[in-house]
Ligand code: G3P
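Take a look at this single chain in C-alpha cells; it is the form predicted on its own.
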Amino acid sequence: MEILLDSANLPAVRRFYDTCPISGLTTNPSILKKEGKIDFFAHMKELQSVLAGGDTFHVQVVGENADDMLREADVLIEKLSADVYIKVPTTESGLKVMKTIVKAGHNVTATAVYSAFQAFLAAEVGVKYIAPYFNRMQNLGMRADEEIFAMASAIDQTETKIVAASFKRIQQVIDAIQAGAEAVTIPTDILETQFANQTVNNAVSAFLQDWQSVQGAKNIYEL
C-alpha cells in the first residue's frame, strides 16, 4: 500500500512527511488554487525538495488540447525531473497524450477516472497509475467502492496501479483500499482530523495518569 499526500501546502507537506509513511505527492490546479498566486515552478521545486528518493511526484497538465498538453508535459519534465508523473485527464485527447508520453519513456498518471472502461483504456496505454475520484463519484450517485473494484478487475493483468483520490472522509479512504486500490492520496486536512481524535487523546491521557499514580512524574528513562 502506498500513501500519498494530496496537497501543495508546504508546511503541511513537511509536517506529515516527518510523521507519516508518505511515499509521494499529488497536485492539481484546484489544490494549487488554495495556495494563492504562486511562482508555479519555484513552488513545485520546493515541494520536490521535501520528497525522499524514490517518492513519486504527480503534476497535472491544464491544456485544452493534445498539443498544449504535450508541450506542458515537455516543460514539466525539463524543469522538474525526468521522473515526474504527468497527470493527464482520461479523455480522448488525454489518451493521445498518454500514448505519446509513455512511448517517450516517461511516467503518466491518468486522472479524472470514473469508469472501469476508462481505467482499462489508460492501463492498456501503459500508464503507471490511474486516479479514480472517490468522493466525486459518490456525489454523482455512483457506488464508488464498486467502481474501484471493477477498475481493479479490469486492469488486473497490467502493471498499472490504482491511486484513489478525491476524499472528504477517512471512511472513504478505507473503502477505496478494501475495494482494491493499491495507493491512496489523502488531503492533509483528513490527516489533521485523525490526529485530533479526542477518543485517542483521552486514552493516551489516561495511560499517563495511571503511570504517574504509581511512578510519579518520572519518565521511563529517569528510573
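Residue indices: 1-based, along the sequence shown. Please read these numbers as outputs of a predicted model, since none were measured by experiment.
The following text describes the form predicted together with SN-glycerol-3-phosphate, which does not appear among the structures shown.
**Student:** Within 4.5 Å of SN-glycerol-3-phosphate in the model of the complex, heavy atoms considered, which of 31, 66, 154, 191?
**Tutor:** Spelling it out, the residue with a heavy atom inside the cut-off is 31.
**Student:** Heavy atom to heavy atom, is residue 181 within 4.5 Å of SN-glycerol-3-phosphate in the model of the complex?
**Tutor:** No, residue 181 is distant from the partner.
**Student:** With the cut-off set at 4.5 Å between non-hydrogen atoms, does residue 106 touch SN-glycerol-3-phosphate in the model of the complex?
**Tutor:** Looking in the model of the complex, residue contacts with SN-glycerol-3-phosphate do not include residue 106, since no heavy atom lies within 4.5 Å.
**Student:** Tell me, yes or no, whether residue 43 is in contact with SN-glycerol-3-phosphate in the model of the complex, where a contact means a heavy atom of each within 4.5 Å.
**Tutor:** Answer no; every heavy atom of residue 43 is more than 4.5 Å from SN-glycerol-3-phosphate in the model of the complex.
**Student:** Using a 4.5 Å heavy atom cut-off, state whether residue 161 contacts SN-glycerol-3-phosphate in the model of the complex.
**Tutor:** Result no; residue 161 lies far from SN-glycerol-3-phosphate in the model of the complex.
**Student:** Spell it out for me: taking SN-glycerol-3-phosphate in the model of the complex, does every residue among 133, 165 and 168 have a heavy atom no farther than 4.5 Å from it?
**Tutor:** Answer is yes for this spot.
**Student:** Out of 66-74, 192-200, 23-31, 45-53, where are the residues with a heavy atom within 4.5 Å of SN-glycerol-3-phosphate in the model of the complex?
**Tutor:** In short, 23-31.
**Student:** Residue by residue through 70-94, which ones have a non-hydrogen atom no more than 4.5 angstroms from SN-glycerol-3-phosphate in the model of the complex?
**Tutor:** Counting only heavy atoms within 4.5 Å of SN-glycerol-3-phosphate in the model of the complex, the single contacting residue of 70-94 is 87.
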